[in-house]
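Coming up is one lone chain in C-alpha cells, specifically the form predicted on its own.
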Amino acid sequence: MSTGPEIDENLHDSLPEPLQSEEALHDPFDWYREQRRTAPVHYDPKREVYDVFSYEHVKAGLQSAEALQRKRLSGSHADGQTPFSYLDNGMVWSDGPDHKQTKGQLFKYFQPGLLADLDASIEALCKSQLETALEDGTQFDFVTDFADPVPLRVIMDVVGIPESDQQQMLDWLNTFRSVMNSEYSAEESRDEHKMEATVEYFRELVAERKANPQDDLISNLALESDLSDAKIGANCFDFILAGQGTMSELLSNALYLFEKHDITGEEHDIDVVLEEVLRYRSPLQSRARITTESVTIADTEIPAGKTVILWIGAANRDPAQYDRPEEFVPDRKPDHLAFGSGPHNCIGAPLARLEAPVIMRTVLEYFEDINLIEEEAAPMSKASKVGFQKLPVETQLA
C-alpha cells in the first residue's frame, strides 16, 4: 500500500504520538486495544486532552450533551459576521434547546418513508458514474472516480444544489476540511475567510429558493420551517459535508473489506454486512467535546473547559461490548456507535442506510470481478477518520 500526502506539520503535532505515521492512521486498532487495556480514559499532556476509549464511556460521553459540548467552529470570541459564525448555525455545532429545536424541524425530511423513492435514481446514478469511470479502461480509482462523486450527487440532489456546481462544491468541502478545527486536539479553526465564497453561495441560494421554490430540501425548509436563512444554509452545507465525506469513506471501507472477506450480494445480506463495516472500520473514528463543567469519567476527574476526545473506533471494538471484536463477522448485527448516540446522533443515518446498500449492490452486480490494486492504495491521513484517499481497482464486467 502506498502512502498518501505527507501529514501536515501542524496536524502532525496535534496527533496522538502513536498515530503520527500513515501506517498507524490507517490501522490504529492496536493502539486502541492497548489504551483500553490499561484504562478507559487517558490524559495526554502534550495535546492537553483527555482520550476516552471504552464503549461504555464513549457512548455516555456522546449522550452527555450538556456537560460535553461540541466545539464551535468560530471559537469563543469570533466576530459574528465571519464565515465560520454563519456555519456555526448548523445544528452539528450547537447544543441545548437550539440544537433540539433545529433538529426537530429537520428530522421529518430524513424519515425512511420519504427517502424510499430514491432507490431507482441512486442505482441509475451509480451505473452512469461507473460508465464514466471505465471510459479509459478496466482500471479506475474507486475513491476519486466513484465513491466521492456518487454520494455528492445524491445529497446535492436531495438538498437542491445544481449539478453544474458539483465540482465547485467538492472544492469547498475540501477547503473546509483543511481549515476547520481538529477533531483530536484543542486547535481552533483557522483561515476562515477561505469559506467566504461558500457562505455567500448558500446565502444567495436560500434567497433564490424562497423566491422560486423547487422540489428540494432547501425550498421545503424555506417554505415550511421556522428556521432562519442562516440555519437553512448552514445545515444544508453540513448535510452535503457529511453525506459526501462519510459516505465515501464507508463505501471505500466496504469495498476493501468485501474483497478481503470475499463478500458477494448472493451469499450475504448487504444491509447487515454494512453495519459490520460501520463497526469494524467506522468512517468517523473520533469526536471532540469541550467540558462545560467539571465531570468524572471512569474515575477520572476532568475540569471545565477541557477537550475530551471520544474514540468511536476504539469503542466499536471494545471486548466488553462485542464477542470477537477484532474479527470482521459479516452476519453480526452490532449495536455500534458509528452514527453517534444521543442528541448528536446522525440525522442522515436513514439516508446512509438506504444509500449504501443500493450503491454496493449495484457495484457487485455490475462487475463479474473487481480486484483491489493494494500496492497503489493510499490511506487517509487523519486520526478522526478511517478510509482511503486512493483505492485503485482492476475490473471485469459482468
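Small disclaimer: the values here were computed from a predicted structure and weren't measured. One-based numbering along the sequence shown.
What follows is about the form predicted in complex with a small molecule, which we do not show.
Among I347, A65, V363, L372, the residue placing a heavy atom within 4.5 Å of the small molecule in the predicted bound form is I347. Checking L278, A314, L87, A147 against the small molecule in the predicted bound form, a heavy atom within 4.5 Å turns up for just one residue: L278. Among heavy atoms of V41, none comes within 4.5 Å of the small molecule in the predicted bound form. By the criterion of a heavy atom within 4.5 Å, T82 is excluded from the residues contacting the small molecule in the predicted bound form.
In the predicted bound form, at least one heavy atom of P343 sits within 4.5 Å of the small molecule. Though the partner is left out of this view, G233 does not reach within 4.5 Å of the small molecule in the predicted bound form, counting heavy atoms only. Judged by heavy atoms within 4.5 Å of the small molecule in the predicted bound form, the contact stretch among the candidates 99 to 107, 160 to 168, 256 to 264, 206 to 214 is 99 to 107.
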